[in-house]
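First, one chain by itself in structure tokens, the form predicted on its own.
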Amino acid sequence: MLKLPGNLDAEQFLARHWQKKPLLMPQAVDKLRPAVTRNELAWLATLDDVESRIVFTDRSHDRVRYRAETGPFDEEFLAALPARDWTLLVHDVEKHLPTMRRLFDLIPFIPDWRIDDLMVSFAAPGGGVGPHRDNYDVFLCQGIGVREWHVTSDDVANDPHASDDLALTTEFTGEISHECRNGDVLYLPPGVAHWGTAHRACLTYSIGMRAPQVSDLAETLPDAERDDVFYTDENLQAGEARPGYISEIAAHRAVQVSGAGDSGLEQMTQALGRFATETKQWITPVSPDKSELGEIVAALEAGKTLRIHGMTRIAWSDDAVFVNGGSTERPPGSRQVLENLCAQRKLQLPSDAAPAWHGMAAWMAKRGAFEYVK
């Protein structure tokens, strides 16, 4: 877990900062592990199923402008990049390199269904993506190198002239100005403008959240009064964070944000679970064919341990299990099994598992939840 500054504990962080105000945490991590290298990140950026982009900082005119190019990139192109003023960003790194998922253990007080992905960026000196704001919470964990951050909660004007590709704000100094070094972490709530620039070549690990807009849940909420607002949980309690669990409290919040009333609480939980486990089209696990499915089910019934596919998203509620955008009924008495499954990313059915548990495991296999190894 992050070492929070001063005498701050997890509950105090949630009460004072979560979705409220930014927090700089110097040396919040002794040593950022696991980590990737610049070369590993570049290799990922050459792959067809990896979302990547490079943002170039153009200082050749009277004003600084930013230009973005999307991957995949040729090795020759990456090798020919200039010595400074660019940033390579790779999304969903933990889905392609599952060991990187361990970085999520830095924030065990945040329900993991709220975590979207681990984005890793390598910035050459002078590189950055420009001053901007995001619609989600993020923990920016500094790896090797030095990056200067400016952060402000003020209402900063947009700057449409700064880029044709990116939504940027005007430049600012802000109430936080700090050179982040290895082990420093910066937390930012939604809507807080921030601006990072590499002073020395650096790697930054961004743990980004996901929160649905009411419009994402529209089919479940025909009576919603507002469909353009995001789910918020600024009153989040640390006790809500159990691996994979979507609590009834979370569903209550979503209903309240929508203005639809509590009559559709069960439907809202279903909608949240499907949203939280939806996968991007290009990183959706392939469902096994009939023969492969039979082998996976047989292995589970024989008591073997199967690993969860790196691209699989899993969540559960009091009544349902959600895998890759689909849902099934949660078997009675399976709470601890599901909690262990989401925490360890592997499943071994107990020898005395009820038939319903086997049915759940077979359904998960059909959804592509498990790694298939012959």
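Start at 1 with the first residue shown and count on from there. Predicted, not measured: the structure shown is a model, and the values here were computed from it.
Although it is not shown, the form predicted in complex with a small molecule is what the next lines describe.
The small molecule in the predicted complex comes within 4.5 Å of a heavy atom belonging to Val129. Taking the partner from elsewhere, Thr152 is found to have every heavy atom lying beyond 4.5 Å of the small molecule in the predicted complex. Remark: Asp134 counts among the residues lining the small molecule in the predicted complex, judged by a heavy atom distance of 4.5 Å or less. Although the partner is absent from this view, Ser121 contacts the small molecule in the predicted complex, with a non-hydrogen atom inside 4.5 angstroms. Among the residues His194, Arg274, His96, Arg242, the one placing a heavy atom within 4.5 Å of the small molecule in the predicted complex is His194. Put simply, of Ser247, Thr204, Asn182, Thr169 only one has a heavy atom within 4.5 Å of the small molecule in the predicted complex, and it is Thr204.
Heavy atoms within 4.5 Å of the small molecule in the predicted complex are found in one stretch of 293-301, 172-180, 139-147, 278-286, which is 139-147.
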